[in-house]
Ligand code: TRP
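Below you will find one chain, with nothing else, as structure tokens; this is the form predicted on its own, and questions on how it binds or moves follow later.
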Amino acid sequence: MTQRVLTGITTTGTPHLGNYVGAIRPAIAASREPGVESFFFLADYHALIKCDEPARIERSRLEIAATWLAAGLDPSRVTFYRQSDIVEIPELTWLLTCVASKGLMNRAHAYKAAVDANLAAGEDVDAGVTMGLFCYPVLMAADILMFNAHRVPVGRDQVQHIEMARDLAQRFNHLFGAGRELFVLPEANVDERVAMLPGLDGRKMSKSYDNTVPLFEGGAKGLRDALARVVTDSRAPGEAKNPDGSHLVSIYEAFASDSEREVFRAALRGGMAWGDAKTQVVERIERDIGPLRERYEELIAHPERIEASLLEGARKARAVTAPFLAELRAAVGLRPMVAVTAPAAAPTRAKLALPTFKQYREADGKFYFKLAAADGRVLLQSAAFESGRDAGQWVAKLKTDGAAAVPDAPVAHGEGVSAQDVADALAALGGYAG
């Protein structure tokens, strides 16, 4: 069975080591697994929740896209796109919002943190809280469920959002699935060893804490200068050091092999100076990051190449999202108003032996229509449509325009049926709603 893997990064800043270790690297590795269909995106709608600086968002989208590609993402093997290019995602967000309970949203970590900060400052509970922040988990659920992703590589702090996406999927399936599983229930994919890389001060590496280590920005010097500021204990050179709980060791082990980890830990227990340890950490990370940085700088210099990749990714993505949203719209009752039975109060029309259009759905999941004569002969048979709406639009056009619409319509004449037979039938239907 093919599994879908999906992940994205919010476009509000420059990617750092925490993004690379916690999301980018494991996601790219997953995309290379056999039997995996991968979707990677720039979460630029999410960026609007926390950033009102257009230039910053614009620059961040470029830098993050270049980072994905430089890190080894292959657009020919995956679907790589901007969230804002997929017009179906906001509509699905609304469908999910209509089944999301406020109580569930109240429990979201980001909202609770904002409330706690307001209470501590003596402010109104919801001071500064936008509906974007409050409904953030619904938009994230739409990102995931739009593609029915099975696995979502995330940091441990994001697991709650995957659980909320599962809750919304189950609720929607129950209300509108009619026995079908419209949405797959996603699973969080967390690498327990490196899922939350510590920053310079030991807290989660995050732009909001200003404790990040740059991935590419500033080159090798920027990496070295940042790691020089990692907080360590006061043990002097020659004194034994405890590797357990060391932020510097955690950063090193996110890149090192098992044997390298053992050697590094043994050196610290043997009294290696923290300055020497930081030099080793820089050298180990640079072995992995240096070659990627060169590719990143080349991409930044040619943004038109990145744009072309993203537009192609959006085309591939919408080939999935457009028909699926049509199915979801039908599930909630947002269906085309076509093939309506004639009112009983029109006896003169009810007595007429008129041709009829019939719409139906076959076992292949596609939608079709046919024009049948009063004696049951098939006059026109349509090709397959992805949605009932598309089929209904052609029925309406044929009724309105008559024989003039036939040459452009995706239809074939029935056996032994002439163009005049079809023209006469359509003329007989002129203005008739049955």
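None of the values given here were measured: they were computed from a predicted structure. Don't overthink the numbering: it's just position in the shown sequence, from 1.
Absent from the display: the form predicted in complex with this ligand. The rest refers to it.
A.B. asks: Considering only heavy atoms, tell me if Ala43 and this ligand come within 4.5 Å of each other in the model of the complex.
C.D. replies: Ala43: yes, in contact with this ligand in the model of the complex.
A.B. asks: Given that the partner is absent here, does Thr93 sit within 4.5 Å of this ligand in the model of the complex, heavy atoms only?
C.D. replies: Flag for Thr93 set to no.
A.B. asks: Consider Ala226 of the chain shown here, and say whether it contacts this ligand in the model of the complex, taking contact as heavy atoms within 4.5 Å.
C.D. replies: No, Ala226 sits far enough from this ligand in the model of the complex that none of its heavy atoms falls within 4.5 Å.
A.B. asks: Considering non-hydrogen atoms and a 4.5 Å limit, does this ligand approach Gln158 in the model of the complex?
C.D. replies: Yes - in the model of the complex, heavy atoms of Gln158 and this ligand come within 4.5 Å of each other.
A.B. asks: Tell me, please, which stretch of 302-310, 255-263, 138-146, 269-277 lies within 4.5 angstroms of this ligand in the model of the complex when heavy atoms are compared?
C.D. replies: Result of the contact check: 138-146.
A.B. asks: Please pick, from Arg389, Arg59, Lys50, Arg377, the one residue with any non-hydrogen atom lying within 4.5 angstroms of this ligand in the model of the complex.
C.D. replies: When this ligand is considered in the model of the complex, the option within 4.5 Å is Lys50.
A.B. asks: Using a 4.5 Å cut-off on heavy atoms, which residues of 150-169 contact this ligand in the model of the complex?
C.D. replies: The stretch 150-169, when checked against this ligand in the model of the complex, contributes Val152, Val154, Gln158 at the 4.5 Å heavy-atom cut-off.
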